[in-house]
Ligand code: HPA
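Given next, in structure tokens, is a single chain: the form predicted alone.
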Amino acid sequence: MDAIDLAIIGGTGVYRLASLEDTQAIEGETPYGAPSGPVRVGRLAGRRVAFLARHGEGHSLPPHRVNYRANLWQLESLGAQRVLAINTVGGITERFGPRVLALPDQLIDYTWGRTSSFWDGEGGELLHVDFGDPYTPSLRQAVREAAAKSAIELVDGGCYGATQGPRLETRAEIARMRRDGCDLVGMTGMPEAGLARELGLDYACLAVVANWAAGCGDDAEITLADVLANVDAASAGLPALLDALLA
């Protein structure tokens, strides 16, 4: 099978790539069950690109029910070696307000009960992967360069805290995360990043800040309309950034 130049996993509010051409939908089970939905494979900027909506194309899957193993296995089996994950998040520290596009370099996992490894004790190789740098430096560098080339403002660095969801966090939980060093909070960063490392995939997170986390920023009430408007605004430069990344 032909290699895929880039696989993109879309988060909340990012359910398709309008600029993806000549697409075909690839469906089917994996050894780990069904992925979130079809993988749309097509051409973008003349390159072969795959897109998968993490929550399903109708946003039917909550964060703790996403089959992260099946999603990444399917992308890897189709020939993907680079995965850019788009994650909708809340901002905790001052640089990460609503409508910011961020490229975190660190991660803290607060999730629980999710299947977090391909190793389940039933055959295969037991892996203790190096995860000191959870996001692949070379892919992060490529995204930084693409943002600069396309004049897209990008906040480089920061720590993503992955929480269980689907509820939002309490003020006390966010205060704890701030003390722990988190700049961003989301619900889907793990186990996705760890599983990508187990498969040997290059993986980076492009975080779309939809709102301030509880007790942060202006601390206004979070409405779905505001979240979606902020995601749309922060995502407006994605097509140009992806074109530059694939050039």
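Just count from 1 along the sequence shown to find any residue number. Just so it is clear, the structure is predicted and the values come from calculations on it, not from any experiment.
Not on display, but discussed next: the form predicted in complex with hypoxanthine.
Mapping the unseen interface onto this chain, residue 35 falls outside it, with no heavy atom inside 4.5 Å of hypoxanthine in the predicted bound form. Residue contact check for residue 206: none of its heavy atoms lie within 4.5 Å of hypoxanthine in the predicted bound form. Using a 4.5 angstroms threshold between heavy atoms, residue 90 counts as touching hypoxanthine in the predicted bound form. Proximity of residue 71 to hypoxanthine in the predicted bound form falls outside the 4.5 Å heavy atom cutoff. Contact check at 4.5 Å (heavy atoms) against hypoxanthine in the predicted bound form: none of 8, 23 and 50 pass. Of the stretches 95 to 103, 127 to 135, 166 to 174, 73 to 81, only 166 to 174 has residues with a heavy atom within 4.5 Å of hypoxanthine in the predicted bound form.
A heavy atom within 4.5 Å of hypoxanthine in the predicted bound form is found for exactly one of 187, 193, 182, 39: 187.
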